[in-house]
Ligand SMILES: NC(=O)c1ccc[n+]([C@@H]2O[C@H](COP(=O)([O-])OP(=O)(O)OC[C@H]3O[C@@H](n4cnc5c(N)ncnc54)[C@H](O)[C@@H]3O)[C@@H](O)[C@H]2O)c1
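What follows is one chain in structure tokens, specifically the form predicted on its own.
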Amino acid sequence: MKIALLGNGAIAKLVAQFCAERPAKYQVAAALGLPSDTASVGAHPLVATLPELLAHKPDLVVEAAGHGAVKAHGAAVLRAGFNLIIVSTGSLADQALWDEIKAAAENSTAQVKLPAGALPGVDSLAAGKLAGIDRVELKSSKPPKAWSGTPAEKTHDLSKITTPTVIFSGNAREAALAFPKNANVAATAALAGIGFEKTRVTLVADPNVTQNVHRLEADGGFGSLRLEISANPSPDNPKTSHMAALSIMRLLEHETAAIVI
């Protein structure tokens, strides 16, 4: 399988390493980086434009570059007929962008694939929706430093937080748009379940945790769901869970496996 990457950062590096360890299955053809990127995170070359990337005729394009990359390139990739994995699911909280991505996929032969990321039980949540869901709540706790560079810096002195502190409470759309590097799980929960407005989200700066802790609760016609994951942060980016890259790898394995679970 030939893969093209949108991005040249921490997640792209892990995905490239995964593919390099399985050369019989995967080949990373190229990656579209930023103008400031001078070196590739893998053995593959960097390209400067989307047409250059798509000229490699990949079987699958993997977005690993943030909300801006989805907005700039997502619909164009789909309109060109290439399947697209979007890891920055929070970008789809932008209603106009969601409409554009959805229309591009529906009007082409391409498909959008959304990895679970660090969200526990996304399969159960999506299945439970078929029986009807009444309530979905997500609580995400990360070390205070993981919230640096976010709106939390304007409302809290992160360096002085000594007890678990709520830095945001609202719906999934508000969370995903306000915290684009921290709340992709909120968008994934909304997309798998009952939508952005009905999904309640609490974000916590907790000095007692060293991992990214996500607790998902849901109730409905299927029963009740209570799941929690303590996910290690990405080795090169504390704002991102390592599970974000691992969930992409799982989707890649689905593309080549004889048995899928």
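In case it trips you up, residue 1 is the first one in the sequence shown, and so on. Remember, predicted model here, so these are calculated numbers, not experimental data.
The next section is about a form of this same protein that is not shown, the form predicted in complex with the named molecule.
Proximity to the named molecule in the predicted complex, taken as heavy atoms within 4.5 Å, picks out 110-118 from the listed stretches 128-136, 147-155, 110-118, 97-105.
Contact with the named molecule in the predicted complex, defined as a heavy atom within 4.5 Å, is made by all three of V87, V185 and T240. The partner is absent here, but in the predicted complex a heavy atom of D37, alone among E217, D59, D206, D37, sits within 4.5 Å of the named molecule. Under a 4.5 angstroms non-hydrogen atom cutoff, the named molecule in the predicted complex has A69 among its neighbouring residues.
Though the partner is left out of this view, A231 does not reach within 4.5 Å of the named molecule in the predicted complex, counting heavy atoms only. Looking at G33, you'd find a heavy atom of it within 4.5 angstroms of the named molecule in the predicted complex.
The named molecule in the predicted complex comes within 4.5 Å of no heavy atom belonging to R79.
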